[in-house]
Ligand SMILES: NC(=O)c1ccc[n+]([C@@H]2O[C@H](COP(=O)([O-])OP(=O)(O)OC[C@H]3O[C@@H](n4cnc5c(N)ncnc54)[C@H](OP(=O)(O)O)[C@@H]3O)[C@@H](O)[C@H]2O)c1
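The chain that follows stands alone, in the form predicted on its own, written as structure tokens.
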Amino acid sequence: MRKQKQSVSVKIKVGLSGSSGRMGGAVKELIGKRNSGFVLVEQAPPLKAFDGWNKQRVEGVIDFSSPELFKMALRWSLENKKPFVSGTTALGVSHKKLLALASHKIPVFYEENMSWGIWQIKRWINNVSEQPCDILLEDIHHKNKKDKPSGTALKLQKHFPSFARKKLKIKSIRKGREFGTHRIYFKSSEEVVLVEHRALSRLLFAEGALRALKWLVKKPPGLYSFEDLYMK
């Protein structure tokens, strides 16, 4: 009898920007798991690492870094025509413009928060009806997080209808080792409605980034987000 050939799974080859950070470590942990569907072939820092990245090997770039390293990773992706996924926060208007410009030539995926749960909350608050109540958004992260409010809190704020944004107050708390908790309170004299999302591990965001890259490598140039991935 002829022996059946075992099928060999093809893994997506990843270049990781921000590999020495907390999120970089989470991405490497997931990639290193058996049957992850990915293999890490290049990483940075150091900053000069991009000069030695093999463009023939890298199939897509994941970036969880700093605004400075973000620009270098995006530039490399653009020059070498590679899909680019980023969850780097604290980006300014100029960085967002770079993403938009790059998306004309390569597929770009950007989200401040790579969580499916946060995406669900965005969908819900986008359709909230007008009620006589106060709205408070608590934005809780670990004590070393630099941006305040977080990118997630600001993105949630944008998803509220205009009448609600006028009422909304953001309270940012930095303490301990919080991975990320966001609570939205709708308070009136008669009731309190609470919507909460709590991240229990950084692996949550790493998983979202890998899912995004797997989807993105098949897409044409454009600027994408979870709205595109989950509403496909």
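Please read all numbers here as calculations on a predicted model, not as lab measurements. Position 1 is the first residue in the sequence shown; the rest follow in order.
Keep in mind that the form predicted together with the named molecule is not shown, yet the notes after this line are about it.
In the predicted complex, does each residue in the set 62, 108 and 225 place a non-hydrogen atom within 4.5 angstroms of the named molecule? Zero of three within 4.5 Å in the predicted complex.
Using heavy atoms only and a 4.5 Å cut-off, determine which of 172, 66, 181, 43 is in contact with the named molecule in the predicted complex. Contact with the named molecule in the predicted complex is made by 66 alone.
Using a 4.5 angstroms cut-off on non-hydrogen atoms, would residue 21 count as touching the named molecule in the predicted complex? Although the named molecule is absent here, residue 21 would touch it in the predicted complex, with heavy atoms inside 4.5 Å.
Using a 4.5 Å heavy atom cut-off, state whether residue 138 contacts the named molecule in the predicted complex. Residue 138: no, not in contact with the named molecule in the predicted complex.
Close approach of residue 145 to the named molecule in the predicted complex, 4.5 Å, heavy atom: Heavy-atom contact with the named molecule at 4.5 Å: present for residue 145.
Does any part of residue 113 reach within 4.5 Å of the named molecule in the predicted complex? Heavy atoms only, please. Yes, residue 113 is a contact residue.
Work out which of the listed stretches, 154 to 162, 95 to 103, 81 to 89, 125 to 133, brings a heavy atom within 4.5 angstroms of the named molecule in the predicted complex. Going through the listed ranges, the match is 81 to 89.
Could you pull out the residues of 152 to 167 that have any heavy atom within 4.5 Å of the named molecule in the predicted complex? Counting only heavy atoms within 4.5 Å of the named molecule in the predicted complex, no residue of 152 to 167 makes contact.
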